[in-house]
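What follows is a pair of forms of the same protein chain, given separately as structure tokens and numbered structure 1 and structure 2.
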Structure 1
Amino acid sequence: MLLPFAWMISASFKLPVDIWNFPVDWIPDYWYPDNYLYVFNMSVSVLRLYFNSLKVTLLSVLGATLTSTLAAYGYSRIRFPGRDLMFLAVIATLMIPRQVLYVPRFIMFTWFDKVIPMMDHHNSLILPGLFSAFGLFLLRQFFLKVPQELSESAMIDGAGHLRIWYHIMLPLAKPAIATFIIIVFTHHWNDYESPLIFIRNPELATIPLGLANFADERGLQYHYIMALSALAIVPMFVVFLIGQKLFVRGLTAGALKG
């Protein structure tokens, strides 16, 4: 699993002629950090691409976490007519391929663009990411494992649903929330199709789109592409290393019953 990452980092410090040597020179005889300097001097700064990706990803993660935890609490703790049917309808949307939604989404964003900026704007990437059917399913399953007596005791003490959600459910659901954040962060950080369709201004490009644009403009110069790719995966490694223990606990939380 780690072999491709090792090859990427090794290739990012080589000249093009040395990349395809076989057997592979995992530790180059000569290191060329100028590959990274060249990437930082692109027409669109790497820092600009980082800022755009972080803006879109963090806002999407925060919004999706907020809406998913609230909705999961409602579907797991509040009884109302049609609750189970509505939950099934939401979960059924997971079976729809993302590519099917791009055309209707493009038409809708064209309509909305008359009211708020959507086309060629980060809003077109952030707003759809504020809601997650997967997050609703994952967190609802976790909330169902929390004893109902905790909520009932809090209600007897005068706590409302929002206080129960914030002070009881969220602290107990940290492993599931961490798992959801890592998955959603990775998805939005690596998303290429949405920026490709809705973003035209190179200054608004995210890391994946900027990487593709760089390859189109400069050709397949793999030493530079590997350098930019190595920079692109740093945030994902950081996020995973911070939350890896909670991530594993969240994935295994629903594996056993009883």
Structure 2
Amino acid sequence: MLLPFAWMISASFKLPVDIWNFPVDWIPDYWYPDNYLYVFNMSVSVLRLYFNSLKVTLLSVLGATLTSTLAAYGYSRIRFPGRDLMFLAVIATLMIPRQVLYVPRFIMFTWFDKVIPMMDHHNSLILPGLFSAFGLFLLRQFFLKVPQELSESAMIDGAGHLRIWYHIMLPLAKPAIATFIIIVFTHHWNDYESPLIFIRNPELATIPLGLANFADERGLQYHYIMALSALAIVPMFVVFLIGQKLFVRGLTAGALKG
């Protein structure tokens, strides 16, 4: 499972010419930190890329968590006409390949630009990120599994939907929300095509866009790509560990009900 990562780290400490050697030297006989130095010292430093990526990803994840948990509650707990149809419509958006949507979206954003800054602005990445069909689907599936009796008894006690959502569903759904956060975070953290289309100011670039910039007409600069990719995984560790904590807490909350 981990072999490719060993290779990635090993390659990130190599000269471009040695990446291609075979058999592979897993531990290079010299330590070549220049790839990392370059990534830190390039005109837009990796720190800046980090900051941008974190900003875009965190805001998207926060917003998406709010809208998706609310909506998942609506789709799983409140019955009203047209509900399933609307849900199907949301899921259907997942089925259109993104490749045909970039150009229409670009045109649309140039129109939006007159109202709120979109073009060459982080809004173009954050605002669409507030909606996650995928995350909604995930949360709905988990909400469906929470026994109906729990919310019904709360309702009899006079609690409104919002209170049930906040005091009952959210705590119970913690493992699901943790999963949701990890997946949505991963998606935004690694999204490469949207910034490529919507961001042109290098100061606003995210990490995947930084990776894309190591490509030129004649190929890729593998040594830098590997160094930057290795660095890009680090925050995912943090998110994952936090997510794991939520996992356990969700479990205890679940146990309390019994």
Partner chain sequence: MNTSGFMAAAVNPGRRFSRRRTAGQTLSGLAFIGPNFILMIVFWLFPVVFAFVLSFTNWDLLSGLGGIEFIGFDNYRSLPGDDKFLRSLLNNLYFTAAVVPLTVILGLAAAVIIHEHVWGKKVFRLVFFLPYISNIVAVSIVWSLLYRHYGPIANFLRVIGIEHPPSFLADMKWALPAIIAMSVWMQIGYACLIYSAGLQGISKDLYEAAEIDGINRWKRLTLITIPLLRPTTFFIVITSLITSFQVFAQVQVMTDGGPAGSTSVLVFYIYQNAFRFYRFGYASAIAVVLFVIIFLITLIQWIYQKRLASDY
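Think of the rigid core as the biggest set of C-alphas that the two forms share within 1.5 Å after superposition. Counting starts at 1 and follows the sequence of structure 1. Since the model is a prediction, treat every value here as computed from it, not as a measurement.
Trainee: Structure 1 or 2, which would you say is the form predicted alone?
Mentor: The chain shown first - structure 1 - is the form that fits the description.
Trainee: Honestly, after the rigid core fit, is Leu49 moving at least 2 Å at Cα between structures 1 and 2?
Mentor: Comparing forms between structures 1 and 2, the Leu49 CA shifts below 2 Å.
Trainee: Met226: CA shift of at least 2 Å between structures 1 and 2 after core fit?
Mentor: The answer is yes; the displacement is at least 2 Å.
Trainee: Superposing on the rigid core, does the Cα of Pro16 end up 2 Å or more away between structures 1 and 2?
Mentor: Yes, the C-alpha moves 2 Å or more.
Trainee: Tyr36: how far does its C-alpha move between structures 1 and 2, core aligned, in angstrom?
Mentor: Taking the core as reference, the C-alpha of Tyr36 is shifted 2.7 Å.
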